[in-house]
Every structure is written in C-alpha cells, then in structure tokens.
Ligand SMILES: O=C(O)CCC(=O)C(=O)O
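Only one chain comes next, encoded as structure tokens, the form predicted alone.
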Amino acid sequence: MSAVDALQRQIERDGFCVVEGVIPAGEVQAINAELLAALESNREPSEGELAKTRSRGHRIGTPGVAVLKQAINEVQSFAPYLADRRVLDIVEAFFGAWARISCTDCVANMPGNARGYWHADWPYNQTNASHIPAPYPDAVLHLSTIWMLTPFSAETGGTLVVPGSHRWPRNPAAGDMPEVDNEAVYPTERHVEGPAGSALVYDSRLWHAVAANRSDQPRVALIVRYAPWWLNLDVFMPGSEERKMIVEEPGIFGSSYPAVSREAYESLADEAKPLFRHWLGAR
C-alpha cells in the first residue's frame, strides 16, 4: 500500500490525518512571523472585540481568535507548499485532477482564548446560509486542511476533533441535535497534535472545535480548503449572483472570501496558480 493510499484510508476511517514536514522546519518560522505581522495589520476583529454575533442562535466567532481572511493576498511565501504533492496527491485521490482552493485564512488562537463550538465545515455547517440540508450524503465533497505554523498540542490548543464523526448524517452546529451540547466536551474528543510545518487534512464533515490555548504564545495556523472543480463556490464571492440570492437578499449569515488580487496571483509559483485561478479578481 502506498503512503497516499494509507492516508486516504485513514481519512475514510477516522475523518482526518496529519502529514508532517510539508513546510520545511527551516522555513516555517519565517512564514509564521510574516503571517502574524500581516494578521496584526489587517485582521478582522475577534468576537471578543465586537458585540457577540450569532447565526440561527449559535456563535460564529470565538473570543480570543484572530482571523485574516484570504491571507494569500498579503503573504505569498507559503503558497508553493499548498501545491506540495504530499497534500495534492491526497486531494486528487478523492477528487481527481483540477482541484481548487476555496480559502486561505490565517487564524491565531491567542493565549487564553475561549473554546469553540462543535461544527463541520462548509457545505455541512448549518449556520451558513448556503449548506447541504441534513441528513448528509455519505460522500466526500470538500477537504479542509489546517497548516500548523506553530506546534499543535493539548497545551497550545491543537484543534479538537471527534474521530469518525464525518460518517454521521448531521452535526450539532445549528442546535438541532438536542442530545448534544455543541459547546461542551464530547466523550470521544481528542486534540490534533503535530510539529510546526505539519498539515492536518480532514473530511469537511468531521466534527471539530477551536481548543483553548493554555500556553503563553499564539497558536497560529492556516485554514486552507480544497474543492473539486465541480463544487460551486460562487456563494462565497462578493458580488456574485449566488451570494445575492442566498445570503444578501434574505439577510442570512454566509461566509465570504475576498478575491485573490492579480498582483498576488502573478507572484505565485506556476504550480500554485491553478489552485487560485478561479478566484482571481479584476485587479
């Protein structure tokens, strides 16, 4: 069995795997510093800095977590690793060729941040205006990755996951599972752990939650999602007709991601450009 086959089977069984050393040890510290500086200059306010935002009665943001959306517009040094064959081979094992990236968000769990709520990523998160209605089909439609720019552990706030939950027909994000408190400890939860430079790859159906960072340093990561070419992402694009119809006109919360600037796109290595070409802005 090849390494890719083994990782694919692990995702099929548990919902996730960790690929170590995707960003070389000698590079990850500089990328982390560059992204932290960009985040501090451009980040969106966390929920702790705004009035509490809720959608369908449930928390969207997490206090103490800073976010920089579409970080590729600010920093391109990490881009070549997004096309690393160790990751793309896993993506293509599920989706075939022509996979695309739907977001590159930098997130920093600051020391003492709050624990987040149990959810799955789009298109399975029922708090988002655009979502697949539960019960979900048993099929992989989207793969999420979390790139560890600092070490992940129980102490630093390594992401919480519920192994095997990707095969369950719903998740508790929308509060429609009265038997599950979506902000409480789940009996089979565990922290994802790995050294800086690792990439967590998971089925977007997997239940996961922000973990509290009990260390004295930010826990920094990139959230990168890979979609097959046939999955419609236009609901995320500001100004698209899908977004107007599904999000803006009804006035319902829906995640959005800025277009990739032409300047950022042109600076990318050739192997990374196909992953972003669909999200290229006019300027």
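Numbering starts at 1 and runs along the sequence shown. Because the structure is a prediction, the values reported are computed rather than measured.
Just so it is clear, the following notes concern the form predicted together with the ligand, a form of the same protein that is not shown.
Lys69 falls outside the set of residues with a heavy atom inside 4.5 Å of the ligand in the predicted bound form. The ligand is not shown here, and in the predicted bound form it never comes within 4.5 Å of any heavy atom of Ile90. Not displayed here, the ligand is kept clear of Leu143 by more than 4.5 Å at the level of heavy atoms in the predicted bound form. Although the partner is absent here, Arg243 lies well away from the ligand in the predicted bound form, with no heavy atom inside 4.5 Å. Ile223 is the sole member of Val28, Leu233, Ile223, Leu36 with a non-hydrogen atom within 4.5 Å of the ligand in the predicted bound form. Interface residue among Phe78, Phe94, Trp168, Tyr202, judged by heavy atoms within 4.5 Å of the ligand in the predicted bound form: Tyr202. You can rule out all but one of 215-223, 246-254, 28-36, 233-241: in the predicted bound form, only 215-223 has residues with a heavy atom within 4.5 Å of the ligand. Contacts to the ligand in the predicted bound form (heavy atom within 4.5 Å) from stretch 81-107: Val107 only.
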